[in-house]
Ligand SMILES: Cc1cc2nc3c(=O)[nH]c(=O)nc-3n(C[C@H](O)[C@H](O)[C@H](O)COP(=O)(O)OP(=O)(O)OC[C@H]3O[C@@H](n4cnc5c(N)ncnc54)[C@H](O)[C@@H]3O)c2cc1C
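Below, in structure tokens: the form predicted on its own, a single chain.
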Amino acid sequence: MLSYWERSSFIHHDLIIVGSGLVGLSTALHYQLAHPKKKVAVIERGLFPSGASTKNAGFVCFGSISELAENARTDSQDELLSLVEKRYKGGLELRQLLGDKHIDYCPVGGYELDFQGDLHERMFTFNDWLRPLFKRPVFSDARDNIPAFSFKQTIVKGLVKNQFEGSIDTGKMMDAFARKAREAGVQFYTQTEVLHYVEQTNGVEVAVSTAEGSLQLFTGQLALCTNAFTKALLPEADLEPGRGMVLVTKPLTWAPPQGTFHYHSGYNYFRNAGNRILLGGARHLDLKGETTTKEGVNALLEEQLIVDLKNFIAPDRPLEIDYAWSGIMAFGEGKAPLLLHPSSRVHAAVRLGGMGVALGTGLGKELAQRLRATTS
């Protein structure tokens, strides 16, 4: 049962945002800052964000050479350059909004492992292609760093560095974003699941389930920012879930390589997390099995990641796996994120394509601008 105070203060809102990940927080923050007198609430079904925002590897990246080459098979050069620009500038926007210190940003560079030994020959083509955006070479030959990183040289035959990439602490990033949103006046309702919504003449009724039972909230505008999970509320959306797994070693007695590293066209990645190695990906080994919104660890992928770790990333080094987890991403026919407007009161910002850190802040800001345009 609701009290008079609860009914008068917590039921009616000007904007309800479903999902407390990067996109949801960015939407809430930018809208609230523009409309400080409006009531804005973020609803999250988990205790923490339930998608990938707190479960990713913490890479601030926009694509390795082989990943961009694979994208170029389906996208035009102009389309791909536009997407790289959104990813790169989105990462800068995140850093400027929250501050490098608060997200533990480290400009360590991004490295792509080359198993054929010819990747460096493609640098010049991609550097020329990206020059209009970056004004200087993006990629450089880093083969001389292979011994220092202690990679197995009979397997890792080449290494290419991207000077514009780096790493962040994902937990600190989300905490800083949530703090900023709360300071602006945004309300948060966690462990609250949206069951469905019904549009009415003067707003949107949102049915939610909580530990205390079900109840109806009411809002003038509704923003769905739950990425792959949005499909449950917008079945027609061009969204396909993609689960990504990550594992981390126990603290090491030796210094792990410093940087963000990619291989297999960006499907696999690893980095140092303090004095541990964090390793993830391999989704391409079982794309059908990983097309799911269920959390869990795929044994096939986990086994292969451990083999890679011991075979060429840290050969002949003492290490143990501590634990593993998974996060749910969203993909579709196109690589660009989606802004959807099923009606004048219901909106969605989804399909980050595994680049949530780079794209989430900008996408949320763009949605907030659209919402402001429709706010009376």
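Don't overthink the numbering: it's just position in the shown sequence, from 1. This structure is a prediction, so every number in the text was calculated from the model and none was measured.
What follows is about the form predicted in complex with this ligand, which we do not show.
Colleague: Hey, in the model of the complex, does residue 353 get a heavy atom within 4.5 angstroms of this ligand?
Modeller: The answer is yes: residue 353 has a heavy atom within 4.5 Å of this ligand.
Colleague: Counting only non-hydrogen atoms and a 4.5 angstroms cut-off, does residue 18 reach this ligand in the model of the complex?
Modeller: Answer yes; at least one heavy atom of residue 18 falls within 4.5 Å of this ligand in the model of the complex.
Colleague: Give a yes or no for residue 298: in the model of the complex, does one of its heavy atoms lie within 4.5 Å of a heavy atom belonging to this ligand?
Modeller: Looking in the model of the complex, residue contacts with this ligand do not include residue 298, since no heavy atom lies within 4.5 Å.
Colleague: Hey, in the model of the complex, does residue 303 get a heavy atom within 4.5 angstroms of this ligand?
Modeller: No.
Colleague: Of the options 246, 103, 181, 239, which one has a non-hydrogen atom that comes within 4.5 Å of this ligand in the model of the complex?
Modeller: Selected residue: 246.
Colleague: May I ask you to choose, among 177, 111, 139, 229, the residue with a heavy atom within 4.5 Å of this ligand in the model of the complex?
Modeller: Going through each option in turn, the one that passes is 229.
Colleague: What stretch, of 68 to 76, 152 to 160, 250 to 258, 187 to 195, brings heavy atoms to within 4.5 Å of this ligand in the model of the complex?
Modeller: One stretch meets the cut-off, namely 187 to 195.
Colleague: May I ask whether 23, 45 and 56 each come within 4.5 Å of this ligand in the model of the complex, counting any non-hydrogen atom?
Modeller: Yes, each of 23, 45 and 56 comes within 4.5 Å of this ligand in the model of the complex.
Colleague: Which of the residues spanning 301 to 331 lie within 4.5 Å of this ligand in the model of the complex, based on heavy atoms?
Modeller: The stretch touches the partner through 327, 328, 329.
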